[in-house]
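For reference, the chain that follows is the form predicted on its own, supplied as structure tokens.
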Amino acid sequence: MGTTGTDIRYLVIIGIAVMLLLFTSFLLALIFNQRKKLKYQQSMEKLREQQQNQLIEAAVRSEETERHRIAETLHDEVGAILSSAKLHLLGIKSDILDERDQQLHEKGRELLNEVIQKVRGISHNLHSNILKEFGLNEAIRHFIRKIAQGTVLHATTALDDNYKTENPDNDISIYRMVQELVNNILKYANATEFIVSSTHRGNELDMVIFHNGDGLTQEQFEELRYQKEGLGLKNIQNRIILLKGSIHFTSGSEGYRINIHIPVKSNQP
């Protein structure tokens, strides 16, 4: 009888051990499956992020290629036609015209000169040769000088010359963002002065665009970049994603600031 009781206890212990073993195996299998599922989700998320970045990069490159195509067309074809029209106009002997026709002739010449200059300016803005030849800082300085010339707008730059171009494609994206943001300020902010500044420390480039007009808040930027009318802001956001940087809009008593932070390769030895 005592032996039977002992056997029963052994069977109970073995049963409990088997149940614990089964439970432990089930728990380990569940943990392993969850980890596998999490790893799969992470790999899919990484793949989606890579695909998104590839699409953004393709869109940005396509945009830059189209800019260059339009720039070359304006410079080589439209510019040549306008220059030819100017030669034909200058070939007219103005001294045989009456006073009214002479005034019209002079006005036509002035307008033609103006449109030739504008076409050249647009062509240079669209093309990134100056950036490739002289670097990001000089390209920004040239752009700011050009847009402020002959206007009441007071525009200055304070760029960190310690920054040297390491990745021309990235610099083109930074330059296009500055162009887009400054153009938006000119069109919508009613600013009378602004400054573009930069600071380069180690692996970080920080740019600030400050102006005294009416600017965006961060909330407005987040909202407008998803709207059809906010295509320029969407392009800026795409470039920020591509550069793995950040952009932030703030306002204060003195004006509006746009802070752009971009991780860059260090140029320091």
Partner chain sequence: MKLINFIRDWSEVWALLIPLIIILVFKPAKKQLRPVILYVFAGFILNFLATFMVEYYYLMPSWTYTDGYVNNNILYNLHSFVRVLFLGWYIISVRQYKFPFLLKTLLIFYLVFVITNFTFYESPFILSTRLYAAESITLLVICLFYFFRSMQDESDINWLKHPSFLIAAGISLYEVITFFIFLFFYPLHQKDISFAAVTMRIYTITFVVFCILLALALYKSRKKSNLSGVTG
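Residue numbers count along the first chain shown, from 1. By rigid core we mean the largest C-alpha set that fits within 1.5 Å across both forms. None of the values given here were measured: they were computed from a predicted structure.
Below, we turn to the form predicted together with the partner chain, even though it does not appear here.
Against the partner chain in the predicted complex, the set 8, 13 and 34 is in full contact: each member has a heavy atom within 4.5 Å. Only one of 222, 204, 66, 214 lies close to the partner chain in the predicted complex, with a heavy atom inside 4.5 Å, and it is 222. Residue contact check for residue 240: one or more of its heavy atoms lie within 4.5 Å of the partner chain in the predicted complex. Shown alone here, residue 46 lies farther than 4.5 Å from the partner chain in the predicted complex, counting heavy atoms only.
Contact check for residue 61: no non-hydrogen atom falls within 4.5 Å of the partner chain in the predicted complex.
The partner chain in the predicted complex is approached by residue 30, whose closest heavy atom lies within 4.5 angstroms of it. Contacts between 237-258 and the partner chain, taken as any heavy atom within 4.5 Å in the predicted complex, involve 237, 240, 241, 244, 245, 246, 247, 248.
Once both forms are fitted on their rigid core, the CA atom of residue 24 lies 2 Å or more apart between this form and the one not shown. Core-superposed comparison between this form and the one not shown: the C-alpha position of residue 217 differs by less than 2 Å.
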